[in-house]
Each structure stands twice: as C-alpha cells, then as structure tokens.
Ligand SMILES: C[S@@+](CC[C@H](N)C(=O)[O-])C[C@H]1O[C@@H](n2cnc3c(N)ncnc32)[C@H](O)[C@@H]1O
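So this first bit is one chain, no partners, the form predicted alone, shown in structure tokens.
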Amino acid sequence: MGSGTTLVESKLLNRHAVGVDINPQSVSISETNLQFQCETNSKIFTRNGNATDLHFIKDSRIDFICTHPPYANIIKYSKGIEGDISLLGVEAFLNEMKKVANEAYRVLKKGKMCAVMIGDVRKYGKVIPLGFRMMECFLQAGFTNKEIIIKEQHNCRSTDYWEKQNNNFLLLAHEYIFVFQK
C-alpha cells in the first residue's frame, strides 16, 4: 500500500477499501495519511500482511484491485522483512507474483478488474522485461488482458541517479499499467 495514496483517493471518492502491505512502516504512514475529515461514509481498512495470502478476504468479494509491486530488488523497501518481494531477484520475485496473482483472482468478483503497474528493469546493461513476465503470472492465474497502458515518465526525482547507473544509456522511461479482467 506504500504511503496509502490509493486509500486516500478511495476515501475521497466514498469507496470502501482494503490496503495490505508487508512493511509495518507503510501501514503506519498510510494510516497517518488517512487522518483527515471528509463527508464520506467509506470504510478504509489497513492491514500488515502479505498479498500472497489474503485469507482474511473471502472468495469473490472484491470489486477492483489496484497494485503497484516493487520491481524485484531494484529498490529495497525493508531490511529483511520476511516475505518482502523487494528483496528478491527477478526469478524469485516472479514466483511470488504468481502467488499474488492467484490470490487476486480468488478474491476478485467475476467480471471485475485488477490493475497492476510495473516497469521493466536493467541489469548489467541488459533489459529484463519484468513487466511482461509479470503479466504472464496474471494470465496463468486465469485473468484476461483488458488493456495494456504505457505510462511515460519524465523529469523524475531519480532521473539523475538512474542516468549515472546506466552510463547515460537509454533510460527505461515508462511503466505499464496492465488491466486484467476476471
């Protein structure tokens, strides 16, 4: 759930929402960001947990899933939290994303949508098509592709850092938003 931006928007739009993050710090930040008053009756729940195991949600109960997983171990979001996929190399990350896709499929209602934002990565000067490899995890879980949206990124805070990492070679200046349907 990161910093809770999707949950904040859900609250503003009077939607019920459940946010799950393996990092307790993200849960705390999200709960702080949700501490505002607005004229809605939305119910927003936060939970410290793992998206590979959503046992607290019954089958076919969710109308929409929105997720933005880390890009394998490109940026590590914790220092050793068990189950944190931001600590995993590409293959182990994809194995865990298969579990996430299966859980997402289980909890989502038939005909409803799941949106996943992810980008590709570069290792040792070679592009790894992480986005499309992750897309396959969701297709194998039973989802169908509704849309593939390419989001361009310009003038990010981290552009200088990544330019130095790539020796001014081409930057990966896009992310995918895969919209899947159950």
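In this text, residue numbers run from 1 along the sequence as written. What you are looking at is a predicted structure, and each value in this text was computed from that prediction instead of being measured.
The same protein has a further form, the form predicted in complex with the ligand, not shown here; the description that follows concerns it.
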property	result
Listed range touching the ligand, judged in the model of the complex by heavy atoms within 4.5 Å, from 37-45, 140-148, 23-31, 120-128	23-31
Contact flag, Ile85 vs the ligand in the model of the complex, heavy atom cut 4.5 Å	yes
The ligand contact at Ala51 in the model of the complex, heavy atom, 4.5 Å	yes
Thr5: touches the ligand in the model of the complex, heavy atom cutoff 4.5 angstroms	yes
Exercise: Arg61 in contact with the ligand in the model of the complex, heavy atom 4.5 Å	no
Residues of stretch 108-130 in contact with the ligand in the model of the complex (4.5 Å, non-hydrogen atom)	none
